[in-house]
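Shown here is one chain on its own, the form predicted alone, set out as structure tokens.
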């Protein structure tokens, strides 16, 4: 499609064009440049800060017999990190990088459905995911699995080696949740050939890793007295006892061919098509294999795929994608993050709250129910009513869809009875619903 490269770049790989944004001279080079070193983020609360704040809130509540009023320290951290997420994406100068952050956050889900994670998920993104989105997958996996958010989310903090000193005294035993999800969701996938025996051995290997939640050092710790003694064997490879075994095993799993293929399928499904072409999967898989799991190399291979550019608008936007695209299309100021967060919740995808460890679904049928689409239209109509005095519908359509706008959409916008209706037609059009 003539002159559509910028819009495909911004929609397929970014967060949608921002009204008033000047298109780059070379959209593909613009995307590639976002895979370089990231500018430092403003300071934000660490996982330790969040755990300390929650411990102090609990202490204050106990001292006052549960009569605390006003915002808690932990609540303030939870709100501020969510607002920072939305503000950063409203004004993102490197939206492809933000999309990659969100993709890997979903792949390595740690969900706020577990209420203990409210103060931790923002730090999890900052500390475990964001630093590695163009680095080695093995480094990301180690950082994610041993982060307090993941250890708590998948109950590894309460897993005890049955043959450990503490296990023998207490009678407590293994929790296999983290081991199973790392093998099934994060690395090999069910096609990778692991067995229940591998899950159990890996769970034994991970015992001892826990979280100090009530006192210093407020973060990930290794409790040797809860670690199951003796050697373990995962996928036929032996690992000795001790804290070093966890990182060694995670790096071993990250390097498996089945892991590279699993990651390639997920990247291709997210950026190319719900049912991605086998050739696209093979290309990304080869990039991961040949670079020792370099996610930057995988992202560059993705950008080079013609299947990722043609045809455009092949995937239905998730509610979060849709909300961000619409808010950027109306140039919503970055100091209005609550608009984004409230809309995501209303449309069924509240931030960092995936219902299961597998994360939010990444195929259109999960989001295409008529009622869900009508909720999008209703929300778009409401927002258009607030902004109609500030926006010219044809200019918005040209800026955010350009040559991707269908002739039927342009005609309908021109014939609309009011600016509000015209804007709603833009944002309810099939082409705006997709990326």
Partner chain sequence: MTETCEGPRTTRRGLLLGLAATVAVGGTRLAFARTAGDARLVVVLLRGALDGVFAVQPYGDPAHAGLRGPLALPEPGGAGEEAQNPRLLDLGGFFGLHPALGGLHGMYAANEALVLHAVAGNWRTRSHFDAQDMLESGASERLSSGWLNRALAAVPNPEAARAGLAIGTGVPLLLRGPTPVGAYAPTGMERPSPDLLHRVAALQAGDPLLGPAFAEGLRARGFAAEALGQRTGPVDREQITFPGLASTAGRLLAAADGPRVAAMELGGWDTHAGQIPRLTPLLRILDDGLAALKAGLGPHWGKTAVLVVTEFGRTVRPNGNFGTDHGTGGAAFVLGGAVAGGRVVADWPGLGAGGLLDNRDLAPTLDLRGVAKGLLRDHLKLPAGAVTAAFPGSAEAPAVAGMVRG
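Positions refer to the first chain, counted from 1. Note that the structure is predicted; figures quoted are calculated from it, not measured.
The next section is about a form of this same protein that is not shown, the form predicted together with its partner chain.
Enquirer: With its partner chain left out here, work out from 53-61, 22-30, 394-402, 378-386 which stretch has heavy atoms within 4.5 Å of it in the predicted complex.
Expert: Contact-bearing stretch, as computed: 378-386.
Enquirer: Would you say all of 79, 118 and 129 touch its partner chain in the predicted complex, counting a heavy atom within 4.5 Å as a touch?
Expert: Heavy-atom distance to its partner chain in the predicted complex: none of the three under 4.5 Å.
Enquirer: Under a 4.5 angstroms heavy atom criterion, identify the one residue in 350, 192, 357, 296 near its partner chain in the predicted complex.
Expert: It is 357.
Enquirer: Of the residues 176, 362, 198, 334, which one places a heavy atom within 4.5 Å of its partner chain in the predicted complex?
Expert: Among 176, 362, 198, 334, a heavy atom within 4.5 Å of its partner chain in the predicted complex occurs only for 176.
Enquirer: Does residue 373 reach its partner chain in the predicted complex if we count a contact as any heavy atom within 4.5 Å?
Expert: Within the cut-off, so yes.
Enquirer: Mark residue 409 yes when one of its heavy atoms lies within 4.5 Å of a heavy atom of its partner chain in the predicted complex, and no otherwise.
Expert: Flag for residue 409 set to yes.
Enquirer: Indicate whether its partner chain has at least one heavy atom within 4.5 Å of a heavy atom of residue 316 in the predicted complex.
Expert: Flag for residue 316 set to yes.
Enquirer: Does at least one non-hydrogen atom of residue 425 fall within 4.5 angstroms of its partner chain in the predicted complex?
Expert: Yes, residue 425 sits close enough to its partner chain in the predicted complex that at least one of its heavy atoms falls within 4.5 Å.
Enquirer: Pick out the residues of 399-435 whose heavy atoms come within 4.5 Å of its partner chain in the predicted complex.
Expert: 406, 408, 409, 412, 415, 416, 417, 420, 421, 424, 425, 428, 429, 430, 433, 434 sit within 4.5 Å of the partner.
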